[in-house]
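The chain below stands alone and is given in structure tokens; this is the form predicted on its own.
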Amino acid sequence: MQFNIQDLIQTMPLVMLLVTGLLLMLSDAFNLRSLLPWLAGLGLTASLVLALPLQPGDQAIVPVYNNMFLTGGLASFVHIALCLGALFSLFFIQDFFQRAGKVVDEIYAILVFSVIGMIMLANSNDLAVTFIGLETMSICLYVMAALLKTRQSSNEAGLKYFLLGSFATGFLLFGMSMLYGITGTTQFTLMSQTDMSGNILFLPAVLFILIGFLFKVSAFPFHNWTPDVYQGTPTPLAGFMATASKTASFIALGMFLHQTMPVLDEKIFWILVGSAVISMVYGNIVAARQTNLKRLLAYSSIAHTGYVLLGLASGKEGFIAVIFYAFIYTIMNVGAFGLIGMNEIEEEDAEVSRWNGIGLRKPWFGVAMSVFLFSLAGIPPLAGFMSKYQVFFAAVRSELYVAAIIGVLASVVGAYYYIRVIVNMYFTKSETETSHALPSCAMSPTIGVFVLAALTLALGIFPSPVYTWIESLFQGSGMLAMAGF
């Protein structure tokens, strides 16, 4: 592979993140702690701005580095969405660790490096880059899960996530090596030009790769790590883990499937649909039995994974809906986890009972959490309703009627446990006169909650600008047209 200065220019947004990560490491080494959150925020913002498609020609995807990585067009939107996920999480991180009495200055560099891995994973056009991006992201997430070293649950979360994640990565890598042996290439677009349907190793190879991806997005039956890991992970980072990492993994899975198989293999199709249906049903039913808010959101994330998998199985419109859904889910879930973190000092503060009456004691706090929970439940006119509508509409257009009906019914169960929390906040008295943990009123997380709640409402009422933007970028992405879209 020859070095091309044009490739470097095209990947400048990613280079900006790399420079930011290195500067954060140096600043930490020289004990410049006060600069760290500002430097991380400026670096993410600069990378986001550099990725904005400003010219009409930027609508098209541009492959770089010998067609191994994608930039421009839809890849730029993915880059922007992942940077926004990290920026939203930054609002809550410093305040949470200060109140927890922990000094973890390295988290800012880890956050930026994890975003680099996510972007490489989501915008990859080659199995080698996919693996590098996945592992860069995963190693950072393992560290995030175990950051609160004095908490047993955090140590358990980090160890469990690392061991199970490494095992799932082994399946993924084995499937990649088999696929390379079948096709003689690691590039998605070249694989699509190879007739693999008659090869006996093709289906096992794709199944192994699916196992790795389904683990990363916590889809049934590879979901068991999710509640324990989310519960033990520092709360704002759990929100980031539940959103940005899933966004990257879902888009990577969709690009891999649709670019290597212009016509989705029937067996793979039904595996996706089956996993989607069971994830929707299982996630919502088990979430309804939870007494801990972080575990409740963890199981609900399994259900949301099912909705997204249904979109992936629904062709072109479904893939557009998946990208829109992932973006909306990032906004409302980071907000919900952020609020939990603002009310958390001890681990027990995430129990649902600790939230009894908080809507009356702290009205703005209760209203903000209600906005996020109603949106997660899919109640109009909030953004969560529009994202679910687009996924189910795509499933109906693809004649997946039974799966779509099951998804709608499962959403009704989901509405029950979200609304139950809201009822507790307003109509159930607290066990004591005062709250167990007074919600934080620091400026940074308060601004973060306001911004995320406003976006949740605005994108529910006016979803068209973002959805139309994604659709136009999708249509202008020549690489996807090569894949049969």
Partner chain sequence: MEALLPLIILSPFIGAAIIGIWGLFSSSFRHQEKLIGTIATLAVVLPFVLVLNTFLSYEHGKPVSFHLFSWMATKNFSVDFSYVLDEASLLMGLIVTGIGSLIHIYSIAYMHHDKGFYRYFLYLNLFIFSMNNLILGDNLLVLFLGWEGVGACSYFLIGYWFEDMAKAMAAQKAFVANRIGDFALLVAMFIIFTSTGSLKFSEISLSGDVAFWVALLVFIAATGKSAQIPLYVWLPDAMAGPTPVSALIHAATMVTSGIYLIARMSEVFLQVPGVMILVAVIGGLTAILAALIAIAQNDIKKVLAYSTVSQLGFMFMALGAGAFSTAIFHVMTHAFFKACLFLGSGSVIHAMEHMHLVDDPQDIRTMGKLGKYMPSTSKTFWISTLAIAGIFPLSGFFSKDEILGKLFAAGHEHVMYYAVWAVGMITAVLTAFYMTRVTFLTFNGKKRFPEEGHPHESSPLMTIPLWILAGLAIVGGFLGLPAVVGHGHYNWISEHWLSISKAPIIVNRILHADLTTEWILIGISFCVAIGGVYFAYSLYSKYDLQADLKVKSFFGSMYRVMENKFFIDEFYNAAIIRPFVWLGNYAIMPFDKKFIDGLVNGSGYLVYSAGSVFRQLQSGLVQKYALLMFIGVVVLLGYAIFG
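Predicted model, so just to flag it, every value in this text is computed and none were measured. Residue numbers count along the first chain shown, from 1.
Omitted here: the form predicted in complex with its partner chain. The next part is about that form.
At 4.5 Å between heavy atoms, only one of the stretches 93-101, 78-86, 387-395, 242-250 reaches its partner chain in the predicted bound form; which one is it? Selected stretch: 387-395.
With the distance limit set at 4.5 angstroms and only heavy atoms considered, check whether Y282, V367 and S464 all reach its partner chain in the predicted bound form. Yes, because Y282, V367 and S464 each have a heavy atom that approaches its partner chain to within 4.5 Å in the predicted bound form.
So in the predicted bound form, is its partner chain close enough to N67 to count as touching (4.5 Å, heavy atoms)? No, no contact at 4.5 Å.
Could you tell me if V413 has a non-hydrogen atom within 4.5 Å of its partner chain in the predicted bound form? Close contact exists here: in the predicted bound form, V413 approaches its partner chain to within 4.5 Å, heavy atoms only.
G460 within 4.5 Å of its partner chain in the predicted bound form, heavy atoms: Answer yes; at least one heavy atom of G460 falls within 4.5 Å of its partner chain in the predicted bound form.
Is A128 close enough to its partner chain in the predicted bound form to count, meaning some heavy atom within 4.5 Å? Answer no; every heavy atom of A128 is more than 4.5 Å from its partner chain in the predicted bound form.
Here the chain is shown alone; which of S27, S444, T45, T428 has a heavy atom within 4.5 Å of its partner chain in the predicted bound form? None of the other options qualify; the answer is T428.
By the heavy atom within 4.5 Å rule, which residue out of S192, T186, T136, Q290 makes contact with its partner chain in the predicted bound form? Going through each option in turn, the one that passes is Q290.
Select from 163-181 the residues with a non-hydrogen atom within 4.5 Å of its partner chain in the predicted bound form and write them out in sequence order. Residues within 4.5 Å: L163, L164, F167, A168, F171.
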